[in-house]
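Next up: just one chain, as structure tokens, the form predicted on its own.
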Amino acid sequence: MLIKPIKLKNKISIINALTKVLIIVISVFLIPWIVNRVSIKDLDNQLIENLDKTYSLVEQYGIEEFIKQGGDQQAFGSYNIFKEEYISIEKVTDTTLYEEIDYSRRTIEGETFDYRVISATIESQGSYYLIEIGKSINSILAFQRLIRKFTFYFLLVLMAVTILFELAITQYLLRPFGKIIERLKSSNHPKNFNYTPVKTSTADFKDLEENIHGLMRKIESAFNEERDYISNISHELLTPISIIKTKLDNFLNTTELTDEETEKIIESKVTLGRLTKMVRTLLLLSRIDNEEYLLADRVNLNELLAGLGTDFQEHFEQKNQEFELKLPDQQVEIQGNRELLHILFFNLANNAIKYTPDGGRISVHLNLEKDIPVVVIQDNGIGIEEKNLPFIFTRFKKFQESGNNFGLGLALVKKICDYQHFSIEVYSKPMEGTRFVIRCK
């Protein structure tokens, strides 16, 4: 499955958001863990201090004083009122002297408490005693949960604020880049390109714009040279073609020729006619490029399209083709150039007739889509292969062999559509036909 390309500013925003989400996830777990480690370390230091104080008291008063206070000759125990701390001393048989700190869970009066406990054994008057001093870690665990919750919400708010801030900054910094792209998209002709510098303080965008301007000027120069060359050569060709055609006509009228010779001269005249048509088409393309046509006519599309049936009536009869014309009840008028619009629809209808076999069907429909006139010209002819569809409007590109085809008809159609600011779409399948859709917006 193809993934739709993402704009640069959106990619930057997504990367920033993902980075912040990662920071939140790490922080939510890391900060409480650090707090826990620091708290436990501090708690261990307190336990060690309390054990040292206990050693001092035992050394000062003797172990018996503690045992007596416990009311038992074997052990002593004491808890504070909230069960947050306790100390116990009991007689043991283990003679190993050690000190260690570990976790312990105890149930006191039906309640379960988690403690951090320092344990140590001492020897007094030939007996061994185990001293345990514990501090509850429930408050640490509660504080850890509070820190995790606070960290999560704080970072979530911080992420939202920074994402909005970075999005605004990114939009602002990339705005010149967007303007450069929009100018390229909106320019359908090199001479219409807007060379006004885009305001930006980013050196990369300035370099990009300068390179694009230089490239567009080169394209415009090359385009103008090609257009002038085609225009000049077309004008130069028309004169000798006309002279040759006149001489052939005179030769036919004044000279007795065999049937074979007459046929060859007629074939030469047909070739000259095709050549004349091609030259005139090139001249027409050049005149459109030079914007010599005014778009000031009010053209009635109903009348223009209805005239196609009359123009091609003889062709329909010769090829036994069915012609369907569908027009709306209301009259549809657009502003443009009447001559160019006639050439546009004439060429499309002519193509449909040419590439539709005898007995085929050709239809011309005029619809209104949200007040936009839409002309659909469709046939059930030989169609166009999908791989060729992107190139059908290219000059001198031919996909079907035809003696009268130079590959300029559809190129002229596209040129007129662009000049009139129409959109044109083509749909086709081999042996099923072709459909052209022109939106006169």
Partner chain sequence: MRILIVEDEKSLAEEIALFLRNEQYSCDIAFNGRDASEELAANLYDFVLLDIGLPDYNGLDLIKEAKNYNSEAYFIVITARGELDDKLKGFNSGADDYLAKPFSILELHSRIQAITRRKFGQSSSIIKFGSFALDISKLQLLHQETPVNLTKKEYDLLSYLVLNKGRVLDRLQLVEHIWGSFYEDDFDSNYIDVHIKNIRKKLGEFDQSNYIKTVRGLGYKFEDA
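Residue numbers count along the first chain shown, from 1. The model shown is predicted, which means the values in this text are computed figures rather than measured ones.
Just so it is clear, the following notes concern the form predicted in complex with its partner chain, a form of the same protein that is not shown.
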**Q.** is_contact(residue 125, its partner chain) in the predicted complex, heavy atom dist at most 4.5 Å
**A.** no
Q. Does any heavy atom of residue 357 come within 4.5 Å of a heavy atom of its partner chain in the predicted complex?
A. no
Q.
So, residue 249 and its partner chain: in the predicted complex, are they within 4.5 Å at any heavy atom pair?
A. yes
Q: Please check if residue 371 has a heavy atom lying within 4.5 Å of any heavy atom of its partner chain in the predicted complex.
A: no
Q. So which of 276, 300, 224, 286 reaches within 4.5 angstroms of its partner chain in the predicted complex, heavy atom to heavy atom?
A. 276
Q. In the predicted complex, which of the listed residues (266, 92, 169, 215) lies with a heavy atom within 4.5 Å of its partner chain?
A. 266
Q: Heavy atoms, 4.5 Å, its partner chain in the predicted complex: which of 104-112, 207-215, 303-311, 156-164 makes the cut? Say which one.
A: 303-311
Q | Contact set, 202-219 vs its partner chain in the predicted complex - heavy atom within 4.5 angstroms | A | none
